[in-house]
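Below you'll find only one chain, the form predicted on its own, shown as structure tokens.
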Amino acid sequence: MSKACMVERIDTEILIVGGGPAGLATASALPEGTSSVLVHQDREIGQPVRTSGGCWMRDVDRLGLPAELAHPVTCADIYSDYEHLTLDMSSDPVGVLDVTGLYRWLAHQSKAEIRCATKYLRTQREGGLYVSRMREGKREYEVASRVIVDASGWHSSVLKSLQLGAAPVRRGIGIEYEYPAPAHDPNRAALFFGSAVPTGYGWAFPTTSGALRLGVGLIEPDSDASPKDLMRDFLESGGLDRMGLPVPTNFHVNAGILPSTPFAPNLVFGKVIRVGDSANMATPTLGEGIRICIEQGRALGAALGARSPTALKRWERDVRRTLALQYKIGFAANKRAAAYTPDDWDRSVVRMKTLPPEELLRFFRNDFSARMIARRGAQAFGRKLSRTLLGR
């Protein structure tokens, strides 16, 4: 073979595809000295931003994330077309994350070599190795690994290449304007439902930098609308005045996609493992998943460090035990909500007013207590809670 036809090959024990929170958290928890490579398609870690960065302050503390990278929010106004509820969240504050700062903080802890501006192309088996093709600029090269982690997000690029899975058909798609809002109450967020965001919802979150993230999201193929068109229509509708939100100026645009499908119980395929959005780990209720990606990514990194199929299977069982039932209930509510009319959402907000704040926050968090599930049974509880919250 001529030198012109030869392709550079890098040998490593573990290849991680994807530099979002799941991939970075996995890399951060690998043992020191582990031979590993993480490839990331963007030029920089944390840019562009593809998530609104919603979390919970208790998880920021529990996961040991830097407090300065999370902005606490203690109040949320919830709107439908003709109803309004002010939700006191002081008992369980939301934390709006500095997404770029957080991802770079995770990258700083990585035990893997990080290669940015690198597009994953495909993987094939060669004996006991996985040989993956990459493109960096105009140059292509291969990475041969014993283990490969699919943290590529909703694309599920590795699983698709190896015919172990496919990208989801049902997806949440959102667009967000981030802009200076010095006069906005930094303790106040907003959520809105109804005609402005059919099949989805809208949000306004204050940030650590004194900006506001104003976004709308919907679910495909439940809706064939464009998030960009929804945002334009919302800005022209007078909704900002009603909600007391400032008009976007000097904004930059964030956009993202995440799966909106049932929980995926199969995470380990021999030495191919999926984590994060590749494994549908965002919550079905609000599509919030950074905390879950970090927690489960770290656990996966530790399991990989054990170099044992038993450790990987134990990790898979632990994820199922933590998420499967919770996500089954949450996804049932997600499906019902996607079909609601503006009138349904008006009735929903009226019913939300009858709930204690703690119970409503549990719903948004996709955190259904064992006592509630045991008392009613999972299926009956899901129907009852969805009817109470969503008006059917």
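Here the structure is a predicted model, which means the values were calculated and not measured. Numbers follow the displayed sequence, beginning with 1.
The form predicted together with a small molecule exists for this protein as well; it is not shown, and the discussion that follows is about that form.
- Note that among 318 to 326, 139 to 147, 68 to 76, 112 to 120, the stretch whose heavy atoms approach the small molecule to within 4.5 Å in the model of the complex is 112 to 120.
- Comment: the small molecule is not present in this chain, but in the model of the complex one of Lys271, Arg188, Arg104, His155 has a heavy atom within 4.5 Å of it, namely His155.
- In the model of the complex, every residue of the candidate spot (Gln41, Val275 and Glu288) has a heavy atom lying within 4.5 Å of the small molecule.
- Although the partner is absent here, Ala282 is a contact residue: one of its heavy atoms lies within 4.5 angstroms of the small molecule in the model of the complex.
- Not displayed here, the small molecule is approached by Leu258 to within 4.5 Å at the level of heavy atoms in the model of the complex.
- Interface membership of Thr51, defined by any non-hydrogen atom within 4.5 Å of the small molecule in the model of the complex, is confirmed.
- In the model of the complex, Gly174 approaches the small molecule with a heavy atom inside 4.5 Å.
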